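As structure tokens, one chain now follows by itself in the form predicted alone.
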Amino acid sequence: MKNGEIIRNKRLKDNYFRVDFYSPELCKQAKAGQFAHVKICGIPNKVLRRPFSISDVSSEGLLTIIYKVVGAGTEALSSLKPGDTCDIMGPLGNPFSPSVKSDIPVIIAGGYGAAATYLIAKNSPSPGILLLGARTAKDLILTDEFKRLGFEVKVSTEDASEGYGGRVTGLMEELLADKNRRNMKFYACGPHGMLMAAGKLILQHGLDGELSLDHLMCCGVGACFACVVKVKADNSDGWRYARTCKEGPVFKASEVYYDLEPE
């Protein structure tokens, strides 16, 4: 456990915020796809930590987290000021595998899944493609930041308020239909349904990919079994439960068990 002093905590857009903690030791260890378990100061009646994907780290020791205000915990976090300190446990979880120069990294992100995959783009030896989906244009974040890294950015919104009208997997299908695109490796983070659809597409095309299966985490260290997902197993059921906080949150697309669609 490490103390993290807040250096900045500002609104990014709408209900999305960016907080920078000074935590040099954690920054030295953090890898793309891992998360931090944060005990938010100022809410003594809320004892559980909150898991946040690590969005960025700097050589100056700044740990960046992008979050959306959705409840009492994140509301309290948004009210904290520079100089306030939170207790941070991390980095936790298994990270994405790094991309190599021969690959074109393709990031599939839903909503603030863009924050959880930013480090992949930042550390990539070659620029790639971001396919970012959201319900509305106000939920599209970090597009300019990815563009500054040299990534080609394509967006989709379910209400057609910006970019492609529909789900981000529609953009993915268009990309996969382009026969000139080769050596693509996929990295995905977002809502569970999006991840299942993306994983199936990756496997149908015989490609390599990884999914960050973020689920509600309580303990963050594998003790409570609240965050389990199904992965393939050599047993009569063909699957077993895996703890996303301990065995994930990143899994190979080929490891995930995809439930059959109801007829």
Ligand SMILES: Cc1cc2nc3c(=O)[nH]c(=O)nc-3n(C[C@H](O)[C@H](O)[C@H](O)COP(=O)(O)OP(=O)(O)OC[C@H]3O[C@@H](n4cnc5c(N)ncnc54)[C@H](O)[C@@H]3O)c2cc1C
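Residue positions are given as counts along the sequence shown, with the first one as 1. In this text, all values refer to a predicted model and were calculated from it rather than measured experimentally.
The form predicted together with this ligand exists for this protein as well; it is not shown, and the discussion that follows is about that form.
Not displayed here, this ligand is kept clear of G199 by more than 4.5 Å at the level of heavy atoms in the model of the complex. Interface residue remark: K230 is not counted as part of the site for this ligand in the model of the complex, having no heavy atom within 4.5 Å. This ligand is not drawn, but in the model of the complex it has a heavy atom within 4.5 Å of G73.
Among residues of the shown chain, L195 is not one whose heavy atoms approach this ligand to within 4.5 Å in the model of the complex. Of the candidate stretches 231 to 239, 201 to 209, 22 to 30, 51 to 59, only 51 to 59 has residues whose heavy atoms lie within 4.5 Å of this ligand in the model of the complex.
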